[in-house]
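Just one chain follows, in the form predicted on its own, and it is written as structure tokens.
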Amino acid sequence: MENLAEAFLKLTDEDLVTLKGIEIGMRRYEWVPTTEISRISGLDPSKAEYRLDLLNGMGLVARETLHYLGYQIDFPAYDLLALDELVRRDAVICIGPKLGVGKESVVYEALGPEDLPLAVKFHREGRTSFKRVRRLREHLKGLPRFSWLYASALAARHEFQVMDKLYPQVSVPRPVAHSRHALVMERACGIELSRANIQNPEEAMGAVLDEVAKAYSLKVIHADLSEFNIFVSEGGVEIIDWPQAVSTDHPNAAELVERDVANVLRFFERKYKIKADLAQALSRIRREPLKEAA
């Protein structure tokens, strides 16, 4: 979808209830029959068929004729349904251009009440390996089968819950709301660590490790930390992108926190020639006493 705001403004209330009818119907059907869409949406069959034809022409629904005529929605329609709910709840007042496209998300610039600068992150589970996603994401445990839309909604809810637990003790953007696969948060300050030229890199590295330690004390491990999801500004550092976060009780917790810290140390060594001991850094994160050398 090239322009999310434009597409949103083109939709009528009948378009939205039709899309919601397909969304609900997809819990039971791979391809939702027209009669079921009509029943769920409350539109009479002829009106439902008319809206479905228009939405199909807009690329917001897919149509398939098997033993019957059925419909599906994918991420473009799901984006619009999430945005509709966020607007109705006054969490988002207006939405602007894309801020970025990640491995498993698309992020848009937005404004909230009183022109509060926001970012709206639409999760896109499935951009990376399905097996890898299931192995690493705690919120997918115990689910034998699920659609990518549902998995993305779970990811957004998980990330919101993690950030809500961390904020404000840990320097993360303030979470504002979530709907379906969309997460609304205050916009991060500064620029990505990967693109910054820091005057005092040792101080910055220490600040990052301090935030990792604070999260760890709240029993949270980022599990995907790198120079691409750390923002730096005159006010300090801010860590974003928490959908892969796990508890410190996770079976792979030790491996994941070590990887996070190693990524941070490796970046500062590569760019700023700072050498730091991984074992000491991990002790600092876990607040463990250092072992005496043999």
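Residue positions are given as counts along the sequence shown, with the first one as 1. Keep in mind that this is a model prediction, so the values were computed, not measured.
Note that the form predicted in complex with a small molecule isn't included here; everything after this is about it.
Just one listed stretch, out of 200-208, 94-102, 69-77, 150-158, contacts the small molecule in the predicted complex at the 4.5 Å heavy atom level, and that stretch is 94-102. Residue contact check for Met26: none of its heavy atoms lie within 4.5 Å of the small molecule in the predicted complex. The small molecule in the predicted complex is approached by Lys121, whose closest heavy atom lies within 4.5 angstroms of it. Although the partner is absent here, Asp241 lies within 4.5 Å of the small molecule in the predicted complex, judged by heavy atoms.
Shown alone here, Trp31 lies farther than 4.5 Å from the small molecule in the predicted complex, counting heavy atoms only.
This chain appears without its partner; in the predicted complex, the one residue of Arg180, Lys214, Lys165, Arg187 with a heavy atom within 4.5 Å of the small molecule is Arg187.
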